[in-house]
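For reference, the chain that follows is the form predicted on its own, supplied as structure tokens.
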């Protein structure tokens, strides 16, 4: 029983980190109706920005305080999000969904190549932003960085939900998500709302990188976390910020149980397949996810 509860705790905490990455999908989708398949690469860019302003500058003799490095990273993320929105996705507003889908696939390849060109494919040590180690709670061992990351994911989900539902600007973003033409007729700047969503998506992805990579290593291969978080975003609902952490917990627990009990029987394949099997099931049974908007069309 203790082993099972330990697995559930670890799965829940890892799932909350998946939920944090999934939130970055959701904030972009809520305003622009775009599922950015390159979100994992956006996360890697955020991580490499932080590495550059911390250990990168330290390596050339320009060590700066951590607060300054975080501020520079935030500024770089805002600029990066604006570049993606302005030069890649703004020209595709009102274009068919297939064109937007192919643009996100192309962006994924371009960002991978650009990251290799600037930072090379070398694996780099990532600065330890969060406290390292683990602590005991009775018979259970709990990872400190994962616990902090999980609590941060829940807090961020609550704050963003309040922003989108209780503030005037958040409601304008929701109006843009509902219908671009209607939002424009009400005087809402669609371009401004979408740019805000991309900035939020880039910053949240970078926050997820800090939680995920603190004290570990960063490389281009880390981008696979984006594909792991995509089933979480679909299960929670692409319009639901509060659904992302809950879906992350469900996926994380399922993956942890599969890793413990099914992987020894399947040569490690079960835990890797499970999130995508869930994604297919969600698309077939409930495409809007657990908490997504169910659209009613009048004929």
Partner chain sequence: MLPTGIHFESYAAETRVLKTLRSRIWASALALGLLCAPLFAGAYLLGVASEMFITLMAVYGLYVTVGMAGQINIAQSAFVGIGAFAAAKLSSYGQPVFVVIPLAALAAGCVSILFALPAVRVKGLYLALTTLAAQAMFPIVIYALPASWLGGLAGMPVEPLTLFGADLGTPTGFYYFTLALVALLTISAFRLQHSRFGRAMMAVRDNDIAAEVMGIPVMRVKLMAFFVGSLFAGVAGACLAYFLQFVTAASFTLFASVWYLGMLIVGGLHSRLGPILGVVFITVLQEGLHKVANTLMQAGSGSGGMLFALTSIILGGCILLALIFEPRGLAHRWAVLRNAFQIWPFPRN
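Numbering follows the first chain given and starts at 1. Keep in mind that what you see is a predicted model, and the values were worked out from it rather than measured.
This protein has a second form, the form predicted together with its partner chain, left out of what is shown; the following refers to that one.
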item	value
Non-hydrogen atom contact residue 163 with its partner chain in the predicted bound form at 4.5 angstroms	no
Residue 113 within 4.5 Å of its partner chain in the predicted bound form, heavy atoms	yes
Contact flag, residue 92 vs its partner chain in the predicted bound form, heavy atom cut 4.5 Å	yes
Distance check, residue 49 to its partner chain in the predicted bound form, heavy atom within 4.5 Å	no
Contact at 12, 140 and 199 by its partner chain in the predicted bound form, all three, heavy atom at most 4.5 Å	no
The single option of 159, 109, 83, 128 touching its partner chain in the predicted bound form, heavy atom within 4.5 Å	109
Heavy atom within 4.5 Å of its partner chain in the predicted bound form - residue from 102, 71, 184, 174	102
Partner-proximal stretch of 266 to 274, 240 to 248, 62 to 70, 253 to 261 relative to its partner chain in the predicted bound form, 4.5 angstroms, heavy atom	266 to 274
Within 4.5 Å of its partner chain in the predicted bound form: residues from 202 to 238 (heavy atom criterion)	227, 230, 234, 238
